[in-house]
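Below you will find one chain, with nothing else, as structure tokens; this is the form predicted alone, and questions on how it binds or moves follow later.
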């Protein structure tokens, strides 16, 4: 699973880094409109005459950029809040836990649509919206694992030695969350990409950025379905599905590593 995920992710990464070298045509190269798949145009052309395969390649960068950046911000917030909620005693930890539970109850997609309608749909706004709504699942997982580590003998020994709580959290507990955080990050990237694609399909994406979700939106709005141009509709959807599966496979590898580490620690205890 790890090998498959890495190979797929590497392929999309190359498309994002070097689209000019991979795409057969430029992003705005004009051809005859509504051409079907053929030797010159593997996925045909759209209503403006753009080569769909080339557009798919160029859209990889925007899609991955939004997913990766929003997941980084979300992971940072979720890890910080979860670590504090799991380690801080009494009302401080409960207050943060209550904040996590409140955000878990908020439906992400409807709230993202409402916020995007007010703050705008540029790429920066979309990244912030996705990140600020998607950190709670990571925070809940990190909190549970932090509470487990807090009760281990090595943390109790550090407290007896007079090590500060901040130093214990950052230098001793946080490194033991590495596999868990990496696993959550991979799944967070997949969720962010899926949410961005959904917003774009609903017309709430950045109109200046070409992403896979916006390609599906334009294909539907410009008559791709009625004209039978299913290659225009299906190809970006398949790319989204394949990329999400790749992140899931990599996430499962780190999740298994985390389970092995947890089992070893339980045995030692």
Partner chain sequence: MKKKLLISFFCLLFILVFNFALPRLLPGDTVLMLVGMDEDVVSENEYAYYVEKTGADRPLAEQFASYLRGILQGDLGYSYHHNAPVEQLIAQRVPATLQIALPAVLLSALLALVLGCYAGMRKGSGMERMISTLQITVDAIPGFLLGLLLLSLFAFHLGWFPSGALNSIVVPAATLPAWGDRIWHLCLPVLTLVLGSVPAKYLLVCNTVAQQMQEKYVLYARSRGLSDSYIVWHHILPNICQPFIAMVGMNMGFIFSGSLVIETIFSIRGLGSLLDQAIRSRDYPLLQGCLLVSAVVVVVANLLTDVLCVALDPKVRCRIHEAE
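Bear in mind that the values here come from a model prediction, so they are computed numbers and not experimental data. Numbering follows the first chain given and starts at 1.
One more form of this protein exists, namely the form predicted together with its partner chain; it is left out here, but the text below deals with it.
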message = Against its partner chain in the predicted bound form, would residue 185 count as a contact residue? Criterion: heavy atoms within 4.5 Å.
response = no
key: Exercise: residue 237 in contact with its partner chain in the predicted bound form, heavy atom 4.5 Å   = yes
ask   = Going by a heavy atom distance of 4.5 Å, is residue 244 a contact of its partner chain in the predicted bound form?
value = yes
task = Verify the contact flag for residue 221: yes if a non-hydrogen atom of it lies within 4.5 Å of a non-hydrogen atom of its partner chain in the predicted bound form, no if not.
result = yes
message = Counting heavy atoms only and using a 4.5 Å cut-off, do 3, 169 and 254 all touch its partner chain in the predicted bound form?
response = no
task = Among 114-122, 161-169, 68-76, 177-185, mark the stretch whose residues have heavy atoms within 4.5 Å of its partner chain in the predicted bound form.
result = 114-122
message = Given a 4.5 Å distance limit between heavy atoms, list every residue of 172-209 close to its partner chain in the predicted bound form, or none if there are none.
response = 194, 197, 198, 201, 202, 204
